[in-house]
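Here's a solo chain for you in structure tokens, the form predicted alone.
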Amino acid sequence: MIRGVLRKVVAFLRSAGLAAGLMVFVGVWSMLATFVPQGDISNPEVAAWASAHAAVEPFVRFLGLHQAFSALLFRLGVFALAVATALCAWQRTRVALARMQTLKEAAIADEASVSAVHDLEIVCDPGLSATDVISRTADTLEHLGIRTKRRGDVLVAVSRRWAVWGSPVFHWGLVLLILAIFVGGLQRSEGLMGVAVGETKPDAPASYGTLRSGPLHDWGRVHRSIRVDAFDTDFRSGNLDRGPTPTVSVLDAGGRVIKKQPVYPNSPLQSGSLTIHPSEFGFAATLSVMNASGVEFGRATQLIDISQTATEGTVPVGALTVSNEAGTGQLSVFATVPMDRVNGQLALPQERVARVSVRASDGRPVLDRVMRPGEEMALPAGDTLRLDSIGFYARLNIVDDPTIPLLYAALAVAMMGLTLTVVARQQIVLATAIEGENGLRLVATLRLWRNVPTNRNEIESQLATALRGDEEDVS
């Protein structure tokens, strides 16, 4: 009874209907994830979406769609799909092993073995000789797309033994792919990091503006930094305009460059498990604070985003806090860079200046001034704020996923298996002429498994016509 139940469970898990349903679930879930912002509720984008869609937000949160690819429901679905695909792959592997053994035996078949065991028999016209039967059979089969070789008195068309492995390899490749996605969701981290030109940031959670990491991602093993060496607003490569392009370096724990390259769409920087894509860019205003004696005691960089809705075309990313020499925060500084407008459209300014606004700890405006690099502004407490430079920054999409090599390997394996499945023919055709009590007969063994351009009924019909004894050209 237990075996019967187990067989039913296994049959259900490896059924095509279940696999198709799970693939639809994964596809629909992934599609929904593109419409729902990903991240914790503390993420401003997630909070804004939740506020705008208050009616469906409880349902979305219950399902875990804000962390779609790490949600329990999604992981269970992917795990079930992996089990179903593995069972299907194992079943196809068993079939392939049996077929491979059959092909091995067919490859060494002789007249005696074909005469003893066959599944097709045609009585030939008495006027035909054995040579005529073999010749007509070979011509007929070639006309039907099956080219045979003659080994003694036996016609042979037997596929290579590796031809049967296309489907199993494809399905095992899918299993590896699903496992890579499943494990990747547990170990993967992905986030946006804003880095000014010339600035180096450690690859650590504090350096990211938004960040999602799997429960098994180990930040303790990450000992590297990200640097933006240059930024070209009109980068060209291979006579193509690649658009705004940062040149990014990945540094090891000792500060040595591991890899450096321009990063633009379809040309990410890849280094081990790390992949860096370009996201957006903006301005970076570096400001420093000096005491009454002119000694600098603080320096920071304000990142500034380009915005189509802002009055001057830019908005600050957060605020800079001005502290006294004792480290107590007193003022907040916001910097923007006014954009030019050309035919009503925002354009990069010909002259870069910054509008610097200073507010008290209670939000009260204190100072507001347009400054050029090198200019200073006196602060209420006697300190001085200086605008050192205005440059660019790049917002980088940084993905750390140790399963990426496995993902590519699984895709390669699956594609090789699929290609073999589509193009490799799986067949056994053995035929010979034997003399018996009822005269000359053609006996044949046919196994037409995959990619054979004809079928058994057509072969039998055409051979019966060709061997009836007239001189009609079967081609």
Partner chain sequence: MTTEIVLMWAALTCYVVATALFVFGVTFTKEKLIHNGLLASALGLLPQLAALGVRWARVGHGPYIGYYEVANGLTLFVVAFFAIGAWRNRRLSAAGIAIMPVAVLLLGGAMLASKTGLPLTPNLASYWLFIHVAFANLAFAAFVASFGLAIAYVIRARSASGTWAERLKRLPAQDVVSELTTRFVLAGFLFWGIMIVSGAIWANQAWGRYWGWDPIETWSLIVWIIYAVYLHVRFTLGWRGERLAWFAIIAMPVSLFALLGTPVVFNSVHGGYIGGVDG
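As the structure is a computational prediction, the values presented were derived from the model and not from experiment. Residue numbers count along the first chain shown, from 1.
Just so you know, the form predicted in complex with the partner chain exists too; it's not on screen, but the next bit is about it.
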property	result
Contact label in the model of the complex: Arg242 to the partner chain, heavy atom within 4.5 Å	yes
Touches the partner chain in the model of the complex: Tyr408 (any heavy atom, 4.5 Å)	yes
is_contact(Thr309, the partner chain) in the model of the complex, heavy atom dist at most 4.5 Å	no
Exercise: Pro380 in contact with the partner chain in the model of the complex, heavy atom 4.5 Å	no
Interface stretch in the model of the complex with the partner chain - options 297-305, 69-77, 349-357, 115-123, non-hydrogen atom within 4.5 Å	69-77
Answer option from Pro402, Pro268, Gly391, Gly214, heavy atom within 4.5 Å of the partner chain in the model of the complex	Pro268
The partner chain in the model of the complex - contacting residues of 187-204, heavy atom within 4.5 Å	Arg188, Glu190
